[in-house]
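First, one chain by itself: the form predicted on its own, in C-alpha cells.
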C-alpha cells in the first residue's frame, strides 16, 4: 500500500471532485427507483458516484476490498485486510426531495480497525476527515465536543425509532433539550462531531456509520450499539454515537 498520507490526500481530492460532479448531476435529469419500498430510494447519481469512487480506489489501493452500498464493490464477509466502505449519496430521500442535507462518505478499515474517514456535506461545502491522529473540517482541526449530559443538549433520533418509540426513544427525546431529525447519517454524525448534537441514534448499515465512527472515536465520542455493545464494521444495528456521559444515560434509558 502507498504511503498513508498520500492516500489521504488523494481521497480528499476525490471527495471534492465527487462534490463537484454531484452538484453538476443535480442540475440534469436523473432517474429515481425504489429499492425496498417508496421510502428507500436509489438514483442514477448514487450509482454513477459509486462507480467513479470504486474505479479510483482500485487505482489507489488495488489490493484492498471495497464495500459499496449500491453493490459495485466486492462481496465481503470477513473484516480482514484493508476494506474501503462507500456511501455514494447518504440521505438519498433528501437528495431527491430537498436537494439538501445529504452527504458522500468513504472510509478505510484495516483488520476491522478504522484508519481514515471522510464525510462530505455537499451543500454546505464541508469535508470532515481524518482518523486517530486528528479530525478536520476542511483545513481546520476539530476539538472534542464538551462531555455534556443528555439533559443539556439536543439529540438526533431517526424518524422510525422516534415514531415507533423503539428502545424508549420518546423518553430519551423528552430527557434531552429536544430531538432533531436530518435524514442523513453523515449529516447527523457531523453535527455530533461539532457539538451541535450531543448524540445520534439510528438503525444503520456499515456504510452509514463507518466513516463517522472513525471520526467520532478520534474525538473521544462513544460509538456503540444501543444495548451498549461493540459495533462490528460489517453488521447493521441500532447505532448510538454520543458523548461519554450522554452515551451512558441513553443506554440506561433504552434498555
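Since the structure is predicted, the reported quantities are computational estimates derived from the model, not experimental observations. Residue numbers count along the first chain shown, from 1.
Keep in mind that the form predicted in complex with a small molecule is missing from the display, and what follows is about it.
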| query | finding |
| --- | --- |
| Contact label in the predicted complex: residue 203 to the small molecule, heavy atom within 4.5 Å | yes |
| Distance check, residue 50 to the small molecule in the predicted complex, heavy atom within 4.5 Å | no |
| Contact test in the predicted complex: residue 117 vs the small molecule, heavy atoms, 4.5 Å | no |
| Contact test in the predicted complex: residue 158 vs the small molecule, heavy atoms, 4.5 Å | yes |
| Site check 89, 92 and 183: each within 4.5 Å of the small molecule in the predicted complex by heavy atom | yes |
| Interface stretch in the predicted complex with the small molecule - options 210 to 218, 22 to 30, 195 to 203, 56 to 64, non-hydrogen atom within 4.5 Å | 195 to 203 |
